[in-house]
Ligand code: DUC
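Take a look at this one chain, the form predicted alone, written out in structure tokens.
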């Protein structure tokens, strides 16, 4: 066979195992994997390093306005560049619907924004206004285009759909083979805590840590799962931040629910103490759900190792620590008026490799699953996430031995800080390829603006998840009624 590129001399790591071998690439796809491959117009010497699927970042907010009108600092150029330096070859940011906006208009807006990306991209829709036209006309058109996932909120007054709205949207998703992602926090519990803190004048950034109770997440996760079970629809719980929430996910997955979940590096690396920094420095660490404690970190690592989570995603929400971002409402405002979110798209995989693989918490194979393969399966990325003939040549070559200190400069984003600044990590992606083209090599950007392309996705892979049939939908128990 003739190849455009041959990657040779590396240890290939997949979610199933690792072996010495070469990869042949033709027309942007993997055309051969063998012990030894000759030829290649270009030969890339992996030098004994780890050759893995490029990361798929499945939770990022890029060129997105929040419900309160704050625009993220990263657009699709800077966000994709930052992702690439972090070992990612594709990503799936959110395309957010505002109240009164059609899904068609949302996608037209994000198509224009996404055209700047240097890596391949798709979208998760955020649905905040599920009108009849949205549910039964516009969403099906989006699904037909391959946008097979969307996110809803159980908190924030401008985003919260209520239980009835969630049931309606879960039913539409089930019918079309889509997966619903949910931000699960009990809105009334959060609002009650905020009022209590405000009444006592406790409004510094550190109080954000207790304004959104762990019980609020755990109750909402349980409720979201029960709503999805009633409809028998697939559900993805985003950014699980509590041990109790993770345990609910583990239990329900064990019982066969069509359930998926993730956690994020900030809940593994940082704690609520980071919010208690001098002045307004703690504002840089405000995200929701909030940072927790050291005991939660250990519990989440245990659940990562045991397979509770499909992925560890960044939830990259880049708001600068200035009047354009965190402090849009003023420099000394109460914590509820501070923009909510943290950057992290470039640090996600180096952190997970260093703290996970290097420290023995997870295997290299688990790293591949958590960083790429599971996201591809869950979100229908049928040509990504694996090293096998016919797949896109999305590849990252990792040096597992290089140690470095995280700095803001190595994030390559539009932010003015990184919450991981000063952290010592071991293991870096030295070469990242997207469809056979090198986009980052040894700290140098090789890609050009707009070379990434949009990719449609298949329905969620539900093999091994039998789901749940409520007795009220069972014709043997509901007097023969056909309700679905």
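Numbering follows the first chain given and starts at 1. Just so it is clear, the model here is predicted, and its values are computed rather than measured.
Although it is not shown, the form predicted together with the named molecule is what the next lines describe.
Check your understanding: Do residue 151 and the named molecule come within 4.5 Å of each other in the predicted complex, heavy atoms counted?
Key -> Answer yes; at least one heavy atom of residue 151 falls within 4.5 Å of the named molecule in the predicted complex.
**Study point:** 4.5 angstroms heavy atom contact with the named molecule in the predicted complex for residue 183
**Key:** Heavy-atom contact with the named molecule at 4.5 Å: present for residue 183.
Point to revise | in the predicted complex, residue 340 touching the named molecule (heavy atom, 4.5 Å) | key: Contact with the named molecule, yes.
Review point. Does residue 288 reach the named molecule in the predicted complex, with heavy atoms at most 4.5 Å apart?
Key: Yes, residue 288 sits close enough to the named molecule in the predicted complex that at least one of its heavy atoms falls within 4.5 Å.
Practice item. Within 4.5 Å of the named molecule in the predicted complex, counting heavy atoms only, one of 424-432, 451-459, 58-66, 39-47 shows up; tell me which. Key: Contact-bearing stretch, as computed: 58-66.
Check your understanding: Ok, 413, 315, 310, 218: which has a heavy atom sitting within 4.5 Å of the named molecule in the predicted complex?
Key -> Spelling it out, the residue with a heavy atom inside the cut-off is 315.
Point to revise | Contacting member of 284, 377, 258, 239, with respect to the named molecule in the predicted complex [4.5 Å, heavy atom] | key: For this set of options, the contacting one is 239.
**Study point:** in the predicted complex: members of 421-459 within 4.5 Å of the named molecule, any heavy atom
**Key:** None of them.
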